[in-house]
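Given next, in structure tokens, is a single chain: the form predicted on its own.
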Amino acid sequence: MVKKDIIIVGAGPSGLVAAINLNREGFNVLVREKEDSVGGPPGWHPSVHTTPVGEDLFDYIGIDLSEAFVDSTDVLEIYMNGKEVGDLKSMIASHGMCNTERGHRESSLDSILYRIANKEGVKFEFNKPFTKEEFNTAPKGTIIASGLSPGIYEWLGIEYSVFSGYWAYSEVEKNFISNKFYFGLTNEYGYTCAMNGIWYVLLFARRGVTPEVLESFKKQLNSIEGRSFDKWRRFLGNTPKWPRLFYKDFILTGTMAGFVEPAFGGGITGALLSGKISAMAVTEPEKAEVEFNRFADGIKKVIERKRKRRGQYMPSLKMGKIWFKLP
């Protein structure tokens, strides 16, 4: 049987995982990316993120990405209003955390996935944004993996939330590993992560971060970590208000699918998992829907709980060995 062509919009981690898996199944995979390379918009990276990476994750997605991650469990620290929260740290640390790099550098998760995809025969078109008109005429089963792009939500009619804030980074010693969360400053949180010679800091919130809150964050960084920045970069991004795998004739993945554990982020792990599930959705849509819901039901419950508690963060626990679930 001749395998059909598959278009994937976006060359982030979820799109690349989907592309690799579908290419291995014999599909003719084309990844369309609006930037000139993998690694996301230049206004977002280089960056470092922490995420739960269980021992079964790479088996699940069918791609060994261990070279892209470094264990940061032992250096995890969690602060609430400037004071360390030991109990919460112990709970999260008991499940393990890893750091990974995003962006254009050779050591990034994006670049590692791209090298695998390119070597295995996935086709790419860079500097090729998917237009509104193309969304109207896209083949059924087109995979959308460009979840931070504001225009796409409006074009498709998907309800979304707006997040914005500040980020900064500096070069540090290559063997320096850091992993700290800061709660209580906004209705979301801030964090710092370091690996591969990058120290990355981000503070974000729904509806934005005020200059006063940013100054408070800088003071905490100076007090706790002994460093901060004079130059910070603003960012703006969107996420859907509810997770879903299918929308109209499209398959959604990564952030676009709302596949982000909403208590502590977990967007990297979510991208990898949902990339695999979106590939499954091409050949076995019913099975993929069941698998998506197996993970996403916990996400929905945390979203509902956050709404009832007016956005307060409530900790979650790992689902099996690769994701989270409610206690």
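This is a predicted model, so every value here is computed, not measured. Position 1 is the first residue in the sequence shown; the rest follow in order.
There is also a form predicted in complex with a small molecule; it is not shown, and the following applies to it.
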Among Ala271, Ile299, Val29, Ala279, just one has a heavy atom within 4.5 Å of the small molecule in the predicted complex, namely Ala271
Looking at 249-257, 208-216, 70-78, 115-123, which one sits within 4.5 Å of the small molecule in the predicted complex if you count heavy atoms only?
249-257
Does the small molecule get within 4.5 angstroms of any non-hydrogen atom of Gly147 in the predicted complex?
yes
Would Trp44 count as touching the small molecule in the predicted complex under a 4.5 Å heavy atom rule?
yes
Against the small molecule in the predicted complex, would Tyr191 count as a contact residue? Criterion: heavy atoms within 4.5 Å.
yes
Residue contact check: Pro129 to the small molecule in the predicted complex, 4.5 Å heavy atom:
yes
Report whether all of Ala11, Glu33 and Leu202 sit within 4.5 Å of the small molecule in the predicted complex, measuring from non-hydrogen atoms.
yes
